[in-house]
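One chain follows as structure tokens, the form predicted alone.
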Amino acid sequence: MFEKINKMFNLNENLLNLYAKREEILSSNIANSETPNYKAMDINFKDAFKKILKQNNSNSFKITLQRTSENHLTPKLQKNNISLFSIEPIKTKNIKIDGNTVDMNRERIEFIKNTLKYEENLIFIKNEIKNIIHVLKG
């Protein structure tokens, strides 16, 4: 039971981290909208989401071994250092005279969409916790 709960929260934790990082990037793009030669950046959300789902599914079939004797080897935990997302410049044909590639309309829309997804995920987590507490109380 706890593995399922942990798996569910790991997925949501990774999604929240993705949304938070994307919000930083979009904020940086907006802040630098007048900076000469600034190249707007973003995360390929679709690829990052696929990596998160793949990582979450690969963790679902882990078999945990119980150590019943001191002669058993201690498993070494390896931390997954694979980055779930990469930050890349946005490919656009709208380049200003000063070399800046920030499109404020796009940045504002993506910022709002990202913020709503972040909040949606928080509400989902909150409701899941409420459901778990409700089930545990009976």
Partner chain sequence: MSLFNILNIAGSAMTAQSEKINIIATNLANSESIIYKNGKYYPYIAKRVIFESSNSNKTGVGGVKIAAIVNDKNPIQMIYDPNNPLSNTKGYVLKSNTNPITETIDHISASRAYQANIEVLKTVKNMILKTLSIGE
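Everything numeric in this text was worked out from a predicted model, so none of it was measured. Positions refer to the first chain, counted from 1.
The form predicted in complex with its partner chain exists for this protein as well; it is not shown, and the discussion that follows is about that form.
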item	value
109, 95, 53, 41 - the one with a heavy atom within 4.5 Å of its partner chain in the predicted complex	41
Residue 25, heavy atom within 4.5 angstroms of its partner chain in the predicted complex	yes
Contact flag, residue 129 vs its partner chain in the predicted complex, heavy atom cut 4.5 Å	yes
4.5 angstroms heavy atom contact with its partner chain in the predicted complex for residue 31	yes
Contact flag, residue 36 vs its partner chain in the predicted complex, heavy atom cut 4.5 Å	yes
Contacts with its partner chain in the predicted complex - residues in 100-138 whose heavy atoms fall within 4.5 Å	104, 108, 111, 115, 118, 119, 122, 125, 126, 129
